[in-house]
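Next up: just one chain, as structure tokens, the form predicted alone.
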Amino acid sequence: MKIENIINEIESVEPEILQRLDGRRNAMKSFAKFSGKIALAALPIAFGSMLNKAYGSPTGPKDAITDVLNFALTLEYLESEFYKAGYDASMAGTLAIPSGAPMGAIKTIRDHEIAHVNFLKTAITSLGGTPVVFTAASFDFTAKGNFPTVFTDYALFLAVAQTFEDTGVRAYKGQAGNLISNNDVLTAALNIHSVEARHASHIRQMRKANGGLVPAGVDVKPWITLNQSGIGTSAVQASYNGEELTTQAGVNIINIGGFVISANAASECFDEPLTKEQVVSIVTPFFA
């Protein structure tokens, strides 16, 4: 992959990531000027050195950091291959994603997930680690037959997309504590986390507009209410269990300070983290 393409991919994830790799806006400008003066063969070394500075762990073993990044990379492969397959199915005429804004949104999210994959691969390699590798053949998006029409039924496609995004948000939050010793790594991970949260919110709004697989009386919001998936199947419930908490830092938010605050509203204030083991259990059915 050409170095300019890697830079473009990182920029497409979140512009702030580049600024925070070194902490200064001029860092990438200086690198760009420098890269124009040296041989193309040397660019990966220079770029790897910059990432190593950003992602190296001065207070902990690098393999602990790369383990977390490889876990994140696995989830990003899952999402990127899902959206690529969905987009391709739409182009082939087998998945009826509406033209216009809905199609544009799926394409944008697909591109973000591909960029996340390439960014994490570059980061892991720069640390001397070996990125995990998955291909389209690695996944079974029917989840062992639970969702046989995922790429022919638009409502089901959105429901699975919502589950992936909601799970991803909780998974990144669950790993934040393992990255807290390195501000640069933590910042980059939380930037991706914020993108995943925006994906989740947008997919939920697309589901609300579509109305498919939404149980009667359920209002699909941009966020999770209690432990409700808003999807008419129990097959995805594990991704939402634990979200019903209304106590944060030992304080019960319901009616706090004399204000009328319902359990629904209290639970909507926070996304609860998922452990690595919980996430692995959730996504295992989607692997071939």
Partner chain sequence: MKIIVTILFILNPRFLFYRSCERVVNNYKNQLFFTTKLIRMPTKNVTDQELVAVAEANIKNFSRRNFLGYIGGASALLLTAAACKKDTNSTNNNSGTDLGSGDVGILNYAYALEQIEAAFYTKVFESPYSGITASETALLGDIRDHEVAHREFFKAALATAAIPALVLDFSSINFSSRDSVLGTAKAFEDLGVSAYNGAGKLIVSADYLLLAGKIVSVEARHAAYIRDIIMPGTFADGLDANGLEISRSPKEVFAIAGTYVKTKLNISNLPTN
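Fair warning: this is a prediction, and the values are worked out from it, not measured in the lab. Positions refer to the first chain, counted from 1.
Here the subject shifts to the form predicted together with its partner chain, a form of this protein not shown in this document.
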Picking from 88-96, 168-176, 145-153, 67-75, which part of the chain touches its partner chain in the predicted complex when contact means heavy atoms within 4.5 Å? 168-176
Listed residue that, although its partner chain is not shown, lies within 4.5 Å of it in the predicted complex (heavy atoms), from A136, V132, A105, V218: A105
Considering non-hydrogen atoms and a 4.5 Å limit, which listed residue (I124, A197, A161, L213) is close to its partner chain in the predicted complex? A197
Test of understanding: in the predicted complex, would H193 fall inside 4.5 Å of its partner chain by heavy atoms? yes
Is the gap between L186 and its partner chain in the predicted complex 4.5 Å or less for some heavy atom pair? yes
Please determine whether I253 contacts its partner chain in the predicted complex, using a 4.5 Å cut-off between heavy atoms. yes
Looking at the partner-bound form in the predicted complex, is I261 within 4.5 Å of its partner chain by any heavy atom? yes
At a 4.5 angstroms cut-off on non-hydrogen atoms, which residues of 223-255 are near its partner chain in the predicted complex? List them in order. W223, I224, L245, Q248, A249, V251, I253
